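This document starts with one chain, in the form predicted on its own, laid out as structure tokens.
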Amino acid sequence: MSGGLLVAGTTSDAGKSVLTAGICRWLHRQGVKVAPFKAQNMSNNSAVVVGPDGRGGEIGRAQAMQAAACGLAPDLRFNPVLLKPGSDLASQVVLLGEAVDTITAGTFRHLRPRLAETAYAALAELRETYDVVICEGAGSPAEINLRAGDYVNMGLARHANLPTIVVGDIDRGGVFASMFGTVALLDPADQVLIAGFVINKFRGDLGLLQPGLDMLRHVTGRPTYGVLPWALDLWLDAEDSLAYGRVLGRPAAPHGTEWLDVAVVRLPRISNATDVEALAAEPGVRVRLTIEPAELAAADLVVLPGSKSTVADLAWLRETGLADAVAAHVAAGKPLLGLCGGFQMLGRAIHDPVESRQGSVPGLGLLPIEITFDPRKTVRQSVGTAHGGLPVRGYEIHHGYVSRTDPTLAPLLTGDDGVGEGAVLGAVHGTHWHGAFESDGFRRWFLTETARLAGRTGFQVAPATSFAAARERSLDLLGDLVEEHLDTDALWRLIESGPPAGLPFIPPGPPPTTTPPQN
């Protein structure tokens, strides 16, 4: 068997990532050698992959999650192009795991042919290695202003002759118009690859939806392959869960008599905020993303997460009053955690000639350290211990490093090379390591210490919570949803045989090219 499929969406966050992961898990459970692929991802949530040369590289975290659904270790080819926005106008370009450039919308078009060539080559290699490659699109394939240079959606589908299904989020409303419009805005050569639709996040009586499904098939000539129900337990590794005011997951009842309330500052350029999902997986721990100073005052633990633009987000903290709220929280003796960019903000000064190019700026002054940014990016997987030998695994992605520190300052972690990492000063903790709280023993110790510092004497960690097992249950749930609610026989036919023949063209398609009048 050698086949492929592209999962496109009516919008960003329509469900492409989770549907791709679900199809991957379903195929993996059938014994199919399957791999995920996303030609280009734009995200500051990334995972570290060890490349063939032994060096660390970055791919989108969603593709790392999809790799796990396939039973695979992440591969740089699964996401050959990663764009990491540092501002509204510029993004860092990560090509096959390595940061190679910083581009703006105006300069991107000059780099695009190289990126497309790399993406196409990576997909070709994967298709030679695996039985099936399930590809994920980006945004919407009907971004007609971007179609000419597209190599992620229909440009990829046309290049590789991939049958394409379009997923839409019915919870947003307007799903039928979005699906019809997505097809109708494509030109004939793209439309013949759109095989049908999947509806995501449905709640209610499926019988009430059926007339809409029937009409959609009538007006497009294409079937809906299934309707996925709303599933409350699908929140791990999902970027659209990182919204202001959103409580992550469904907090289980506390193991002890008290809850632990965690407020995570939702920075404008938040990076790898999925770190806090491991905290949210613990019973009795309520994790909320917020931009409200009052919520920091009420929290037991405040978290400053990673940032793609540390200096700019530090300035935002001050402008919004959140910096004062963080300082008041610490002055009250309550615990604070800084992760990567958030850790860097806690120091006395940040010297940055690289990312913001603002030179030296004062930090929050909560740790006796200084941070200096280096053009060389640290990208590596990390292994070490904490608090009496508890094993910890994580990964690092940062330009900044600790350039000056008080020698008496205690580290939070110790790497396997014996070098201390991060810092602890009273109730203030910080580390450059992402993913450390997925190590169950370390997470339990940290939450126990947090509860002590916050005065939550009735909080107790559950003794057997496994974050790895929780992630596997989430992936299995995705596979179950695909198997139970989609027409998997039809999906098999698409994967094996390609786009169906005879799909009708839906006008209007793109506007005709006009020739300017001649003088």
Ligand SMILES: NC(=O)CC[C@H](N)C(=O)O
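The structure presented is a predicted model; accordingly, all values stated were derived computationally and were not measured. From 1 onward, residues are counted along the sequence shown.
Below, we turn to the form predicted together with this ligand, even though it does not appear here.
Q: Three or more ligand atoms within 2.4 Å of backbone or C-beta counts as blocked, none as open; so place this ligand from its pose in the model of the complex by superposing the site C-alphas and call it.
A: Site status open, zero atoms under the 2.4 Å cut.
Q: Any of the heavy atoms of His399 lying within 4.5 Å of this ligand in the model of the complex?
A: Output for His399 is yes: heavy atoms within 4.5 Å of this ligand.
Q: Taking this ligand as it sits in the model of the complex, is Arg222 near enough to touch it, meaning that at least one heavy atom pair lies within 4.5 angstroms?
A: Result no; Arg222 lies far from this ligand in the model of the complex.
Q: Given that the partner is absent here, does Val326 sit within 4.5 Å of this ligand in the model of the complex, heavy atoms only?
A: Looking in the model of the complex, residue contacts with this ligand do not include Val326, since no heavy atom lies within 4.5 Å.
Q: Verify the contact flag for Cys340: yes if a non-hydrogen atom of it lies within 4.5 Å of a non-hydrogen atom of this ligand in the model of the complex, no if not.
A: Yes - in the model of the complex, heavy atoms of Cys340 and this ligand come within 4.5 Å of each other.
Q: Report the residue, out of Tyr151, Phe78, Phe442, Phe373, that has at least one non-hydrogen atom within 4.5 angstroms of this ligand in the model of the complex.
A: Checking each option against this ligand in the model of the complex, the one that comes within 4.5 Å is Phe373.
Q: Counting non-hydrogen atoms within 4.5 angstroms of this ligand in the model of the complex, say which of Glu438, Asp300, Glu421, Glu355 makes the cut.
A: Filtering the options by heavy-atom distance leaves Glu355.
Q: In terms of non-hydrogen atoms within 4.5 angstroms, which of the given stretches 301-309, 157-165, 192-200, 251-259 touches this ligand in the model of the complex?
A: Stretch 301-309 is the one.
Q: Does anything in 136-156 come within 4.5 Å of this ligand in the model of the complex by heavy atoms, and if so which residues, in order?
A: Stretch hits: zero.
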